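First comes one chain, alone, set out as structure tokens in the form predicted on its own.
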Amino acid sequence: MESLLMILGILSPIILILGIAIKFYKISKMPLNVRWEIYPLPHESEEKRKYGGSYMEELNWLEKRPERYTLGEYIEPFKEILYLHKVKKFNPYGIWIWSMALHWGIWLLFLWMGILIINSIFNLEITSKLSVLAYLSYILGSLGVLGLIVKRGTIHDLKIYTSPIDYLNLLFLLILFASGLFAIMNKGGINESITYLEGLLKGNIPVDELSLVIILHFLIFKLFLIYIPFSKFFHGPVKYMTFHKILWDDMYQIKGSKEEKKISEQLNYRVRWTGPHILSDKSWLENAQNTNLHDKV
């Protein structure tokens, strides 16, 4: 058991980091996505953001270097990460509060694990004073998961779009949060958590000194780290690509640029599906040039 815990303790963060890196690399090599260009854009000036303006409105805009409000491109994702403001604004099914609880449970869980690691490395003895973060993580996370399971299972419009893997993911998170809550509520649970991390970092986990629930919780957390890059939990990191390369990218294409070459290459891809408006087995360029939607020749 100790060897398994040590191996997973070493491999899980490595697999997490490598998995995310490989995913980002694969995404960067994918065909260019169709840009949405939905205004207002966060990198425009404050004046233009008020009404959804663009640098292309200016006279001779092509001769000028576009002014970018770079900070806005970082503020907007953090609003989504920390507050889920789009879910609150646009989702009509009342899942925002439960989704917020779940996400904050995850953020606080990683913060709590970071505190345990820092405490174990530097022997700062701060863990007990900050244990409220662990309680908040596990309680918020558990409530958030339960709320989402109920919402997805009882609201028809959500139910038809919820696949079995979604329920399994929520169940996995519930086990993670519930095991953590039982672990720290157990007598000496905080001290045992410190002992576990210290043993992991020193290469000798004292399994005989730890309760089963502590061992189980850290085992589930390691499996969670391994699972993230290969699951829907990866939607968080990939939002960077969605926001910056699809939602907000409004830069014009320069003749002979890498983007233009990639677009030209993609226009020659063959369409392998059929439809009343599609010339099957023709290129995307040929389909775009087809002005008669009924012409299938």
Partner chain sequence: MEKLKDFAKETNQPIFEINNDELISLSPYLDEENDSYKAPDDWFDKYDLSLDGFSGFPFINPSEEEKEEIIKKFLNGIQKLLNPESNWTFYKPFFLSLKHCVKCNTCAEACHIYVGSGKKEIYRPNFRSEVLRRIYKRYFTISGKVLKSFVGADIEVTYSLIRRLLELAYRCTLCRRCALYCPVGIDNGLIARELRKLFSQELGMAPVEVYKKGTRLHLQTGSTTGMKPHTFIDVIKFIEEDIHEKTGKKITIPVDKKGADIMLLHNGGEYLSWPDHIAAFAILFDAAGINYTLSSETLGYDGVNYGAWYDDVELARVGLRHLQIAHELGVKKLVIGECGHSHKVYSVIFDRILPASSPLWNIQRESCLPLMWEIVRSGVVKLDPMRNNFPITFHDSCNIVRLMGIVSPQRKIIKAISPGTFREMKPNGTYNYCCGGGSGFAIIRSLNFPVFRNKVSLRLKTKQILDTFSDVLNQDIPKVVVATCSNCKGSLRDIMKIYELFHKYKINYSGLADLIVNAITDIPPFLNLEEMEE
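Residue numbers count along the first chain shown, from 1. Superpose the two forms; the largest set of C-alphas matching within 1.5 Å is the rigid core. Owing to the predicted nature of the structure, the values given are computational and were not obtained by experimental measurement.
Omitted here: the form predicted in complex with its partner chain. The next part is about that form.
Residue-level contacts in the predicted complex: of 170, 95, 190, 215, one residue has a heavy atom within 4.5 Å of its partner chain, and it is 95. Residue contact with its partner chain in the predicted complex: residue 264 places a heavy atom within 4.5 Å of it. Under a 4.5 angstroms non-hydrogen atom cutoff, its partner chain in the predicted complex has residue 152 among its neighbouring residues. Heavy atoms of residue 162 reach within 4.5 Å of its partner chain in the predicted complex, making it an interface residue. Residue contact with its partner chain in the predicted complex: residue 25 places no heavy atom within 4.5 Å of it. Along 223-243, residues 232, 234, 235, 238, 239, 241, 242, 243 each place a heavy atom within 4.5 Å of its partner chain in the predicted complex. A displacement of less than 2 angstroms separates the C-alpha positions of residue 237 between the shown form and the other one, with the rigid core held in common. Core-superposed comparison between the shown form and the other one: the Cα of residue 14 travels less than 2 Å.
Relative to the superposed core, residue 67 shifts its CA atom by less than 2 Å between the shown form and the other one.
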